[in-house]
Each structure stands twice: as C-alpha cells, then as structure tokens.
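Heads up, the chain below is alone and in the form predicted alone; it's given as structure tokens.
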C-alpha cells in the first residue's frame, strides 16, 4: 500500500505554520535548504495570530532591565521546574531576536523617542524580585498577529514551499528509530501523501481543546504531541496546564494580560481590589497561576459578581478612551462584539479559562527531541525536532510567564532551524525507508471509513472536554483525579464505538475531526495520568490535599508513555550555561 502513495522529497519538513514553524523554515530557506511547511490551515490562521500582549526581551527601553533579571523571573515563575540552561539561552537571546523581528517588518508600538514600546506584565521584576519591570515588547494588543504575518511574508520571499490545508497523520519511523518524514492528508481531497525529509520539525502548537472553556482556536488539538506519543516518544510535564486568569466569563475568549499591564485591575462584588490580599507586592500582575487561583477562591467563597456570583470584574474604564484605543484596540473590539458593551464605560466580566500547555515533547535547547535511554540521561531521537507550545524545553516549568510564549517560539524555532542546517551538511542523502509505520498509519486512516450507529465524534469530544473540566481544573485532589483517570480511560475505551455519519451528506472534514479527536484523547489521558501521579502543588498544578511544593521528592520532570500508560521521571537541569543557578525558594509575589 505504501508503495502506491505519491511521494515528495525535501531536505526538511516543518509541520505547523505558526511562529515556531515559520521561524525555523525561514532559517532553513535562507540557508538554501529545500524546506516544506505543512499546515492544516492557511499559515496566517495559525494560533500564533491570537497572541495579544507581547514578547519579552530585556531591552530596557522603558525601565532598567537585563537578561539575568528576566532569567530569574522565568525560573521563579515556573516554580523552579524549568531547565535553567534553556532559560538562560532564551533570555540572553531575546533582545537580539526582537530586533531581528523588527527588521523583518514587525510593526512594534513605539515610544516618543522612537524605540520599541514595552509594557509591564505579570511576574516581571527588576533586580531579582524588586520593583515591577516593563519587559514586554508590544504591537498594540495584536503582537502575535504582527509577528506571524511578518514571518509568513519573509518565508514567501525566501521561497519556502507550503502545503496549505494538509493534515499531518503520523511520523514515518524506520527500523532504527530514525524519523524519515511524515504521512499527511490533503484535506480538500482526502488523499494521503508521503513527505520524505532528512529532518522533521514538529511545531503544531498546544492542545487547549481538551477543555470545554478555553482560549484556543479549534485547530489546537495537540496533533504533533499525539504523533510523538504514537511514535513511542513520551510527553513531558503534561500535568501543568495553564489557566489564564482573564477569559471572558462563560465564553473563554482571551483578555490579554496587557490589559492589567496598562493599569487595569480586578474587583469582586464588593468593589474590592482583592489581589492585594493574595499578592501584596505584585497585586494584579502576579503570575498567572496565582491570579487564577485567587479569582477561583473569590467566587467559591461567595464574593463573585453577577446574578449567579460566578465571575469577577476587570476594570479598565479609568484608563480613558485614548489609552484603551491606542494600546488595547483588539480587546475593545472583542468586548464590543461578544458582550455588546464597551470597556471604556464599564468593567468586563472575567473568569479563568484553559489557555496554555506547559508540557509537551521533550527537547534540548537545540530543538532536538530527546528521550531517556537506559542508564544515560537522554538520547536524541534522530531526525526529529520540536519547537513552540508542542515542545517542552522546558523554559516554562510549572507555569509560563506572559510574554514568554512568543519568545519561546522564535528562539527555539530559530535554534532548531540552525541545528537542522548543521545536520544537513553531514546528512546529504535520504535514508531508505524500512519498517511498517506507513502501513499502520493507513490502517488507522481506514478505520475512519466506518459509519453507521454509534457515538458521534461531536458527542465523544464533548464528553472528553467535560471530563477534563470536571476532574482536572484549577484545583485538584486525589479522589477527583483518581475518578478523572477512571473516566478518561473509560472514554478512551469507547473510541471503537465512535462512528462518522453518512459520508454522502458531509464534507471530508468530518474525518479530520475524527482524527483530531484521537489526538485529543491521547493528550487528555497523558494530562490526567500525569496530574494524578504528582503529589504536590507546584505552579499551575495545585493539589488541595498536597498544598506545599515538595522539592525533595518532586523536583523532577514527568514523562508519560502511551504504551501501557507508563510514567517515568527525569531530573530538572538546574545548572545554567554561564551564570550561577537559582536554587528553589519560597515563591511569593
């Protein structure tokens, strides 16, 4: 069967056309590599386009700053679970990369002196935990949009080859464990295609669609992470899922942290600025996990707003219409469109919403995918790279700081692209294809030709999302998580009963939705099992029954393997590249 499929050959294959994928592809195309980018949507619809607040870099354009302070804030923000060598690399590289983006055409907002505007964001400090820093370089409140469009235009100029609206099914693995490319599906026709590559980069984004209320696009179904799991590669730190404190209540759309960076603040039903009780120093600009838990607690203890007391309010009207229209135009338009109100005149109802996957495919700082091997700490998976939200370097540890996600994708997309360029110099020829991974993929695809009576894809997806929201939310307990594991494994067992409806009355996208459901199920199982196993509170993983962080037993990364739902662990890399490490200490804001 594999012999009959059409094939294309490239030096490098990039799966995902968000910021990480496009940055890597740009490095490769500029080095005259023959590079293909596969994207299941048109590239400028990738989820990077939704990033609002900005990208962190210690430029010191507004307040004093340096990369070492940025590194400290990132280590502390991640509750000391981040790998400090990767964090140092990211923070040191940040200023140069922001200038590169500026030169690539990103229209950053400007100060009166012409320099790039920087706004305060949560978890930022001067002088290792001192006064609030202003580190987040912004293009109004559409920074991701500006970066994505600029990178796409530069790729068009560099003649990158795009496969738009193709869905990646599985990695091609040979008998020696080498990744040889991927099997992809043309969404319009439903026809599969083999893309052979000497190096393959996964840059497929996060998996926010495992939750019912989330800030993510419908395309964020964890495709790359699930592809890695099926190839025998574990996922790292999946229990750490970030809930953004300010989603529109009941809907989930994101209200950027930049709204608080510009001076907005939270109120409960008594009109009290309650964050002063939870984070006396940083207040509304504490890290996201702290603010999310504070909002949840206010609502639970009866101080929520509205007729049902189920949210709090974000106050912006005191900023004035000029500041809101200049710095937060997209937010204003979103509020007007979805709530039929104007933040210039009244506060916004908000509540925490599922937002960001801190875990993912384990990589080193070069973007190479790594897994534990025997007695050695790590072994590189030959031919495979990952970058962005689908990867876990880990620079975000147990909780990502706002403004570090856009930085993560361009820093490690660039690092992966540069490392692939080096590898191509010594691996000049395509390896012969061995093994049966293509046959397994085609058999999986054919299973979705089944139709008739059974559970619909939509119904199973709704059950999955509800289970994740009910059992794996902002606060967790042993009993809740144990029940959640049982529930999610039960749903996984029901996947054989899922059926597509009559093909004559549906678009080919119905099969794509079924394949996405498979991916979501794998990610949900990984997340729930990893959360159940970690018996401590750290960052976004908050256990009511284990309220303290336990560095003695749990200062380590979780690894989840699909086969047998096996869990393993590996140590955190606490040694930076050139500076002294930041040892764990109490995390207060």
Partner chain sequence: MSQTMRFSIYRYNPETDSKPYMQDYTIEVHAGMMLRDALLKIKAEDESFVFRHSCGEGVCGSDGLNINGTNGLACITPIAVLKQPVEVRPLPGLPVIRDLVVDMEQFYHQYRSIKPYLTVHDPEPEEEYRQSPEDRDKLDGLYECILCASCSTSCPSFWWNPDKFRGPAALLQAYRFIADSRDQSTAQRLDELEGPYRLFRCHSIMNCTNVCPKGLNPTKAIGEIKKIMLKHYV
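Positions refer to the first chain, counted from 1. Not measured: the values here are computed from a predicted model.
Another form exists, predicted in complex with its partner chain; not displayed. Remarks below refer to it.
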{"query": "Close approach of residue 157 to its partner chain in the model of the complex, 4.5 Å, heavy atom", "finding": "yes"}
{"query": "Distance check, residue 318 to its partner chain in the model of the complex, heavy atom within 4.5 Å", "finding": "no"}
{"query": "Close approach of residue 501 to its partner chain in the model of the complex, 4.5 Å, heavy atom", "finding": "yes"}
{"query": "Exercise: residue 114 in contact with its partner chain in the model of the complex, heavy atom 4.5 Å", "finding": "yes"}
{"query": "Option from 135-143, 262-270, 386-394, 287-295 whose residues, in the model of the complex, bring a heavy atom within 4.5 Å of its partner chain", "finding": "135-143"}
{"query": "Proximity to its partner chain in the model of the complex, single hit among 211, 152, 241, 166 (heavy atom within 4.5 Å)", "finding": "152"}
{"query": "Heavy atom within 4.5 Å of its partner chain in the model of the complex - the one residue of 519, 423, 368, 109 that qualifies", "finding": "109"}
{"query": "Candidate spot 50, 61 and 253, all three touching its partner chain in the model of the complex (heavy atom, 4.5 Å)", "finding": "yes"}
{"query": "Contacts with its partner chain in the model of the complex, stretch 90-109 (heavy atom within 4.5 Å)", "finding": "99, 102, 103, 104, 105, 106, 107, 108, 109"}
